[in-house]
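Here you get one chain, nothing else, as structure tokens; it is the form predicted on its own.
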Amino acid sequence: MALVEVQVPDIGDFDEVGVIEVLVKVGDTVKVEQSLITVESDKASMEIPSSQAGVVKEIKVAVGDKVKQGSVVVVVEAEGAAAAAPAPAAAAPAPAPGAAAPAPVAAPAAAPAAAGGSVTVVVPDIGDFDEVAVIEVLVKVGDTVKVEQSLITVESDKASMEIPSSTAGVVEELLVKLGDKVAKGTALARVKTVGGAAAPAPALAAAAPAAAAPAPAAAAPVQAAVSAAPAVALPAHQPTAPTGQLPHASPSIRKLARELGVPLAEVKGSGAKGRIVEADIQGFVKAVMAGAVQTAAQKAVAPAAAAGGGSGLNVLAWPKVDFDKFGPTERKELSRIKKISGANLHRNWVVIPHVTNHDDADITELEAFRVQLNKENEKAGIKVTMLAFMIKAAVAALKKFPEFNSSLDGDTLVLKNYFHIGFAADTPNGLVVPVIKDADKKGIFQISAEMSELAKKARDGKLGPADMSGGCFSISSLGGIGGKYFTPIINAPEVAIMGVCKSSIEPVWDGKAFQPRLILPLSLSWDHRVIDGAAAARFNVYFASLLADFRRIAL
């Protein structure tokens, strides 16, 4: 049996880590990927697995030792390696476990690494996508690339990802170009690899019968060959000790994560005790490519998701102040409505790029008409408000400018063919927005009656979710309270909201003289991701013209 030194693999950016537990003893039979020791940095712990199956002949570390990448952990008598040499007789008398007898094994194992040649780099598993488009080629023929250096950038319908090289060398040929569609296994480039240091292997093999060869010289090539061999498909190990903050994953899983550019710290492990397995890596990649998950790096540089994701703002902590030291205070809990609406308003204001246009509507004739209607229908008990006319005007404006009657769904604009108009209602517990459904199919009196019923339900706290859902466009009216203009916050997932303040008599020049006119201030807030400034200005002007001459509704 050949004796193989199992070394510490790549454990990240740590010079040295302490051994806190030895999980095997001399004489134990270990499998590939079975944990041998547990190491700990200043912030996390991790198990170090075996890269070789066999029987533990010697343990090279103890609890409290410091180890790093390349440190020898154990010496294992490798399984299935005896057939390589009938020369053990020469090494048998040697008392040292690392005598020169294992040297012949090194030659055939290391020989493949010596042969430089061309390697075809292919696309690894990138999730449940038949094909993704190449949007950038990051290298050219003649470039020298390193392992994990990005070669191309691909893009699905919702996310992009760089595909790294699985080998180091010189790019001989690029097999894809911008606009090509690629999938798992698609050839990207041919890379001429650089010959390894194992070229002297034949000489080493020839020297095998010489018992005088020093033991370390024989053991090193064996380790190089054995540790490189299982890199493709290693069985998952079962951890036996709890982990800290450092992601718990085997070297093969770490290698896979590096190949795919996956930040292990952001992957939740599904294996025993939180161990990250291959399925976790693949699931994370699929989620990122589908746009369902953003990495920390994406959140740091990308705007909030169009569907209304978090903002990722790096803001100062909220100030902590002892108000009592300045004078008497009392505390009052926010109402349930204010807590809910406050969170929604905060999200909408941060995520949606608001712009507000201000304009004026001359409602002199419309107000006279409204007063006349109320006098004529006083016995009916239905009081027509100016808001009912504004709801009908909003429907007409939405029909003329359909992008205002839409919602964002990722990168897709959903245009609605129905007209549900919300109106802000002030209640003792806070602001709510009941919705008039199918306002395009209802007259002024029906809308006024429905508004009255919904407003009463709002004041009584009896509005249900159905009464406040499905809105296409909202109107926030300060009515007779006062003020001139303001910036209403868009009620997501809508893309615009109309704010109106108290109307007032103002002098308006008619070409000959100033005439007293009743002017209604308008404030239209709109989502700049969907609507541009020219469209917003036209919408506001058209809305004002409808209120100035309501006969235009019939046109």
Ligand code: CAO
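Numbering starts at 1 and runs along the sequence shown. Quick caveat, the model's predicted, so the values are computed rather than measured.
Same protein, other form: the form predicted in complex with this ligand, not shown, and the subject of what follows.
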query = Using a 4.5 Å heavy atom cut-off, which stretch among 47 to 55, 61 to 69, 22 to 30, 501 to 509 contacts this ligand in the predicted complex?
reply = 501 to 509
query = Does residue 365 reach this ligand in the predicted complex if we count a contact as any heavy atom within 4.5 Å?
reply = no
ask   = Even though this ligand is not shown here, does residue 480 get within 4.5 Å of it in the predicted complex, heavy atoms only?
value = yes
Contact test in the predicted complex: residue 137 vs this ligand, heavy atoms, 4.5 Å = no
key: Heavy atom of residue 424 within 4.5 Å of this ligand in the predicted complex   = yes
key: Whether 431, 451 and 520 all lie within 4.5 angstroms of this ligand in the predicted complex by heavy atom   = yes
ask   = Of the options 255, 286, 370, 275, which one has a non-hydrogen atom that comes within 4.5 Å of this ligand in the predicted complex?
value = 370
key: Interface residue in the predicted complex among 348, 357, 385, 186, criterion: non-hydrogen atom within 4.5 angstroms of this ligand   = 385
ask   = For 452 to 467: residues with a non-hydrogen atom within 4.5 angstroms of this ligand in the predicted complex?
value = 455
